[in-house]
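Shown here is one chain on its own, the form predicted alone, set out as structure tokens.
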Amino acid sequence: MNPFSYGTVVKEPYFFDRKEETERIVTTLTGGNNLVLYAPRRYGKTSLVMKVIESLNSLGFACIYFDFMTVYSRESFIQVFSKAIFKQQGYTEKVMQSIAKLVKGIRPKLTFDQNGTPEFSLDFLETKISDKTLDSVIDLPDKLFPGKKRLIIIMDEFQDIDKLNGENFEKLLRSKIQHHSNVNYLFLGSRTHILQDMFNNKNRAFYNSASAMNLGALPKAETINFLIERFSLSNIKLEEDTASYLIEQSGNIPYYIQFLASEVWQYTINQKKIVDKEIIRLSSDKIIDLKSDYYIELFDHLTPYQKKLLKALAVSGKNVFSAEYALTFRLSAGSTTQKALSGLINSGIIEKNENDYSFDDPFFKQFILRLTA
């Protein structure tokens, strides 16, 4: 069995490290404070949160996980948020009656499929969702079971709140949850520049409303040890310098480390019992080939100047707005570069870390470098 896991929530033994991060998140939330966690995509944010939920549950806290990525309107927010609450509290008639009593604008329904699995749905009693109904739904966690175990609500991809009438919904949510005495919140997101603006900009509703934490790359030494140990389970030898090269090829991004390691294991298990850099290069090429159709389509949808800038970023993401950088890569004025760069960031292709710009997908970077070779 392949000793590496990616593409789903990673649990032990595939999940490793993040002990300090787990402890800090748990300590902050159990101490009665809110927390916003910034993490680029593929850094294992959701897997970490699932680990945190396990720890919180063991301490007697109830946790409700809610993903804003699935929300596109007030109605969908009410549907998904209510369902998450209902699921956590248990599919019972009592809970359903409590929801109906607290929120006058909806009628919850519970049905069962052919396998006896409960299915939750809502009937809306208003033609247009009123602020009162939305207020009542947001207040549900605090009012549903007052005085019982403390609740922790995890709002994933929180920056997607912008889809819900922008600032108005943001202000409404903030105005309600600041009065919740029985609930604390963990806000997560992968669009770090948007989240940072939401919580650091004094003109935004969530300004200074939560402690901030940035989820960085995994410690290299621990990652090397993890890779060596996992390969050894199949009697495959991996030297430290080769493990370091694998991490480098993966952009030191947890998801891609496991992705590439999985491909390397697949190649090695049937042919050799020692991993070398050539095998890692071949496995990297295989990943790029497998994703080439997607990469071609992604590249084709960019503007001509974004393509030119992306090729430059594949070589270097430092000092992008310097005169030397513009001269080296034959770029236009800084304003043109800024506009193109903003588009690449908003598309999730490029990540900004202070003044350094990097690819969200290290194999897309290698694909771009192929185009410039």
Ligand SMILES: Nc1ncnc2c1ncn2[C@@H]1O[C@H](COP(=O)(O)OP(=O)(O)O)[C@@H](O)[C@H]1O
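From 1 onward, residues are counted along the sequence shown. Bear in mind the structure is a predicted one, so any value in this text is a computation, not a measurement.
One more form of this protein exists, namely the form predicted together with the named molecule; it is left out here, but the text below deals with it.
Comment: the named molecule is not present in this chain, but in the model of the complex one of T46, T30, T70, S55 has a heavy atom within 4.5 Å of it, namely T46. The named molecule is not drawn, but in the model of the complex it has a heavy atom within 4.5 Å of L218. Of the heavy atoms in R18, some are within 4.5 Å of the named molecule in the model of the complex.
In the model of the complex, at least one heavy atom of P254 sits within 4.5 Å of a heavy atom of the named molecule.
Residue contact check for I349: none of its heavy atoms lie within 4.5 Å of the named molecule in the model of the complex. Residues with any non-hydrogen atom within 4.5 angstroms of the named molecule in the model of the complex fall in just one of 310-318, 37-45, 22-30, 336-344: 37-45.
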